[in-house]
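So this one's two forms of a single chain, laid out as structure tokens and tagged structure 1 and structure 2.
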Structure 1
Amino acid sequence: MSKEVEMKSVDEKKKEEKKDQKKDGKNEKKDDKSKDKKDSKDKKEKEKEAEKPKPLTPLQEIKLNITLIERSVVTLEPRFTHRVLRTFTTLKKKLTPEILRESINAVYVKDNLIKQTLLSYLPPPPPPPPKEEPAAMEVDTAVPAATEAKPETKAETKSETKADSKTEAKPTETTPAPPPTDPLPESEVYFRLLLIHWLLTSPESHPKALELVHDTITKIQTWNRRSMDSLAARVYFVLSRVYELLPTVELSEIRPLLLRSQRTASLRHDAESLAAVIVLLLRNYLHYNLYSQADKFVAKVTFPESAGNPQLARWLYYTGRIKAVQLSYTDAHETLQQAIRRAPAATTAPGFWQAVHKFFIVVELLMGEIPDRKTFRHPVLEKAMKSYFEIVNAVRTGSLSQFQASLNAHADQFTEDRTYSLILRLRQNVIKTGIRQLSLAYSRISLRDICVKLHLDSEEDAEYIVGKAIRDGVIEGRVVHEKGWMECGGGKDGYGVEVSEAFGKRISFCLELHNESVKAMRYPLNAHRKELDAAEGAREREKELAKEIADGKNLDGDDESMGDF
């Protein structure tokens, strides 16, 4: 028995060992699979990193842009030039004199007048560093050179003579390289734009930029090439920018040039240059607060429909400003809203985004509406709109003291933003809001208390403002001049003359709408004939039915005469 027990225990141990081995094998397989998965993931990540293209250097980017411009000219496709201009904002930040010089030398292989003029606007290259003379080598003179040299064998001399004879017998055959062609005028204008933007980086080189941009405009006007329209529009924009940055010249000096360019662009059907020049003229007028001239210019000019979204957004922004100054707040609100929708993203054009929103919020306040709080939480607008947020709070609460304090605190910013005159108009809105709150809180209040609460100058001003608010329908009440107080009207009941008049207006409106809808209904031609035919058919059917009924009665009479079965 003891042997049998020992044998069973041995068998159980062997079975347990086999189970353990199987488990270990499975675990090893799982580990191998997990390792394989990790290795495959690492390989995929490495392949993705290898597939990612390296960013181009500024020199390579300029060469690529030149090829795209030439392709646009050859294929008559302006989209390639637009693609080049879209990368202009990022490329101009990387420009240096060395990059510009290398790119000009790489594109203009021949030494000609264009290359010399472009290089003349760059500073001279630094002189090369002096070459250091190599130190004399130490030679070991203990062993003579003759003993070190090995004697040449006859086979080596024969092979050398044969190779020399073969090379002398076969002349070198080289195909002549084609002569390099000169770049197109569009490439020259592109290089001039790059140079102008680089010259605008330092105030010392602004006069050179002014000279270069005038020379570029004269060349563009003499060439008169349709493939240069988008580049010409960019040159006009740079011209206005140079005059804004130069303190020695006035921005109004380029107005005659812009007017001539606008006339020539409209005659040549150059839509891109025309849109750019119109926007620059409006900017020029509004810079000197010439709103009447700008309004006349807008009335006489037709903005091209094929202009891009950036130019259209600028056009809507400037026209919205003009309408806001002219007290047409609803039109200004619509145009500014369209400008916000047409504008580029907030991250690409934060300055324009902030400028449009400043005027939009002020116009919205002048319309009697309170802007949404979400606009002030936008990351691009949060810091720039802090002062306007204080004005909005003052208008919302009707606190004239808070409004005046925020206006005095941020007057410099408002004048810089050209919104100071519009914000001054909000004083009446603040007073109206305060009077509305007082009318809801008091059934009777003296004019002296109104002056104290709204920080007005005198009781006469308070009486005038309250009377105007009552006339405009802001509040309901009346001013008792003899006793010097304002009686606020209580809540209306559902009866009275005013209620019947309101119901009469609604009923008349519904009747007019019904009459106009009936007049506007369209009837098909000769529809009455169908109705007549249908009526005649109905009459005939009625006659047939009458005949059938009469025949049926006759038959019934015959049956009754026969009697019952």
Structure 2
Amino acid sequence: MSKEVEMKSVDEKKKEEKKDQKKDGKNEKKDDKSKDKKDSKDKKEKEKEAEKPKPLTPLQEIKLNITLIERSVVTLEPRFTHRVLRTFTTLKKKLTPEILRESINAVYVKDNLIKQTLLSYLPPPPPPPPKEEPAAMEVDTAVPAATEAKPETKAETKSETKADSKTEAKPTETTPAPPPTDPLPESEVYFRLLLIHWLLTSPESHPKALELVHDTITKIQTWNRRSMDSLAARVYFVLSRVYELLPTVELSEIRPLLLRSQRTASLRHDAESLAAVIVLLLRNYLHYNLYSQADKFVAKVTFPESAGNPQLARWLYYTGRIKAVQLSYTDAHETLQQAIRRAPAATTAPGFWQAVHKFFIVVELLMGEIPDRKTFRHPVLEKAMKSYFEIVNAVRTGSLSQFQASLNAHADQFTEDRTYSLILRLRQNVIKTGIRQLSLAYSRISLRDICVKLHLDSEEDAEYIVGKAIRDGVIEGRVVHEKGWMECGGGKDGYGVEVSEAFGKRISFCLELHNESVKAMRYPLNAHRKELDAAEGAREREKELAKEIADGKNLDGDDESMGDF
């Protein structure tokens, strides 16, 4: 019962919000058109400013990001926020408490509760800063503040209508005339994210980060703004990260919270948070090796299609791992390959790249294939994959003793990578490759020799193993028990239905890739205008042409009539 009620209330909220957004959207669009030109000019100027002096100071960058976020909220275009989040990784490395304090001071001109709470997470300021700096900053802020003044007031009224019922979220806003430069909640969340990342840099401040992250999540959930989705997804990510880093708390503690967020996110069609939370839950389960639970979760949940590539890559990685554990290697291989394709470039996310490749190679081996030598020469992978390279070599040559030796030598690394049990399963593959090589090299070989060459314990075992290999289709051959040898048949020829199937698979993959990329194209908003103009001209030309043709037809008709006579 309570769930239904909850769902209803959520739905109602959603409807209200949609109405709000529609209204706002309409009003804004009118204004936007007139403003668009100004805005775009401003933007260009700003971008020029941003790009020309190459090392943009972090302070400027933060301010630029704030304006971008606000623009994305105002224009209902999430891609501005995405742009901000893309720079996040590089920006967070440059953060210092001074920069954070200055930027907060610059954006929150008025002294209010939000500013105080934000600043309270920073260490107390060192001796009062020299007076020149703040003055210089105010000059800086004056420019964006002026251009942004109009949209903000509108957005403020919008948030106010909603915030009315939850005054506790924004107590200062109820005053009759909202100050023009009061930033949006999205900006606040952005600052909170920056703060959390800064707090995470030193282990002493981790508990503070924990507190801040929980506070932020409750705020996000009460605000319930669609324009905040991509930021909210980031906050969930950070939440899990804090729990991983802090030794005093267990990662499993946030599972109920994440499950709850997953439900609400899917009810609110908040695809970005949903994707993030699903991935985090999977990570959470796999951290404790709870594969069966993770599998059940995957079966119940549908991953949002609109999710970004990084989340999709993570999702594919985790599902690939689950499938590998459950012995469906073909599926796992496909999924992990997709994960590699979707993953960001190797140099930007080397950790993920390495982790996926480790599983990918083990799965490839388990499928009976030998991975490309090229993979191990990749600069990012070369060092990390050294031990895996040894395993691959052992499997390739079919030498059980070498396999065992490298397995023992690198056991610690494999357990750390969580590939140990998968690699243990490779033992039978080593034997199979060995047998296959023997079957290729000999047309007849005694079981005794097989036993010696593969380091098997007894002839009896060898007979069973060969029998199994024949049944599994690893080799073509026959065992002659009375004589104690194995006779090997010839291999298959390269003709048949399988070839066309293999080609068909590749062709369909290429076609799908083409279709996907067509679907993924973005078109600028008013680009069709030009085409329309061009079409107009074309239509006129067509009219003329039609006229001419008509004239010509007449002539033709004349001709015909003439001909008849």
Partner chain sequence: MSSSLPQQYQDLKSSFERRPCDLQRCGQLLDSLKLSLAEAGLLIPQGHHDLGDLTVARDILEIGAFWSIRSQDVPSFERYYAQLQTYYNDYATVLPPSSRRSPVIGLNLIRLLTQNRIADFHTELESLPPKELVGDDPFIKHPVNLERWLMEGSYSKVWNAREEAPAEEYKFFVDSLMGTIRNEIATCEESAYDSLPLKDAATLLFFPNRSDLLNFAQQRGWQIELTAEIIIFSRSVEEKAEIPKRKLIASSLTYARELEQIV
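None of these values were measured; they are calculated from a predicted model. Rigid core: the largest C-alpha set superposing within 1.5 Å between the two forms. Residue 1 is the first residue of structure 1, and the numbers go on in sequence order from there.
In this pair, the copy labelled structure 2 belongs to the form predicted together with its partner chain. A movement of the C-alpha atom of L438 reaching 2 angstroms or beyond is seen between structures 1 and 2 when the two forms are aligned on their rigid core.
Once the rigid core is used as the reference frame, the Cα position of Y464 differs between structures 1 and 2 by 2 Å or more.
The Cα position of H481 differs by 2 Å or more between structures 1 and 2 after fitting on the rigid core.
Core superposition places the Cα of L545 49.7 Å apart between structures 1 and 2.
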